[in-house]
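Next comes just one chain, in structure tokens: the form predicted alone.
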């Protein structure tokens, strides 16, 4: 019996997951095939967007949608930058510290915040994002004010400075793999089943013995910690941060990536980031039509793919089954 239980509890890689892994590996190798610095930069930005959106996905798995995600990215960024520049600590300390600070703040505000549901939660998180931006503007000694903090040191790992974009790409790609693996373990484990129960019917989950408030708070902490982790990497890669960097528009962009990729799909953040992050760069040639094209693509995806781009294979399978 114990052997049977262990087989059930160990997550296995299904055929669809394997296909996604192969496609992701092929796309990840594109910068090396081209050898172009621009493609390495786009690859890095895709990895950062996918990681941050993965944190937002964890929160969405318990039925909540946060518009304060950029604030937690900012918390991680400022924590790491201040530890490295003011205290002289290495990046390998600032990186986990950014995740821990973002997670700790999420834990403190999560209990009262997550009592709200639906549009009320969305509105209060929007207010929190704006509050973070305004507070940071009021303390220029910490945040640099509207001028921001320039000259942020590059990513350094145990004495090795990642000066080349190809090196940063390898590092961010490895971090994305680690974050995706974490999401995979959560989704296919007992915690993932608790998240799914709360997302589907909080009242029923509570009556069945699942602590709804504690489960949602845990998801909020995990998702915000991933955001802080991403923010630390982002700050040291870009080399400049300001309160305006982490404004409401950044939170909205993460929501759009998540919904377009697939709100409840494991691969949704990655698929959405691969599709949307490079889009503005490749539409620069049609500058006057850029926002129109961007909007049309988003509307088309949301209209014809309600499960997001990650659900395209499942939708095609169902259509093939209906025709047969």
Partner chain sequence: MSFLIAQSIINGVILGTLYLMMAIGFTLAFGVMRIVNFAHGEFYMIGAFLTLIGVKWLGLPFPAALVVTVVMAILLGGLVERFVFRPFRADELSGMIASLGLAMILQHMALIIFGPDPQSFPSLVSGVYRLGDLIVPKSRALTLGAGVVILLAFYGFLMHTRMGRALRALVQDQEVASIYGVRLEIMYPLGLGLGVALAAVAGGLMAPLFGVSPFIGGTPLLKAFIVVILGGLGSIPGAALAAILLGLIESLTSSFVSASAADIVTFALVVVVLLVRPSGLMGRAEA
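Positions refer to the first chain, counted from 1. What you see is a predicted model, and the numbers here were worked out from it, not measured in a lab.
Not on display, but discussed next: the form predicted in complex with its partner chain.
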Look at the stretches 23 to 31, 48 to 56, 275 to 283, 294 to 302 and give the one with heavy atoms within 4.5 Å of its partner chain in the model of the complex.
-> 294 to 302
What is the one choice in 265, 67, 271, 62 with a heavy atom within 4.5 Å of its partner chain in the model of the complex?
-> 67
Could you spot which one of 160, 93, 177, 134 gets a heavy atom to within 4.5 Å of its partner chain in the model of the complex?
-> 134
Non-hydrogen atom contact residue 115 with its partner chain in the model of the complex at 4.5 angstroms | yes
Find out whether any non-hydrogen atom of residue 119 is located within 4.5 angstroms of its partner chain in the model of the complex, and reply yes or no.
-> yes
State yes or no: in the model of the complex, is some non-hydrogen atom of residue 156 no more than 4.5 angstroms from a non-hydrogen atom of its partner chain?
-> no
Using 4.5 Å between non-hydrogen atoms, is residue 126 touching its partner chain in the model of the complex?
-> yes
With the partner absent here, would 97, 101 and 244 each sit within 4.5 Å of its partner chain in the model of the complex, counting heavy atoms only?
-> no
Interface residues of 244 to 267 toward its partner chain, as seen in the model of the complex [heavy atoms, 4.5 Å] = 248, 252, 255, 256, 259, 263
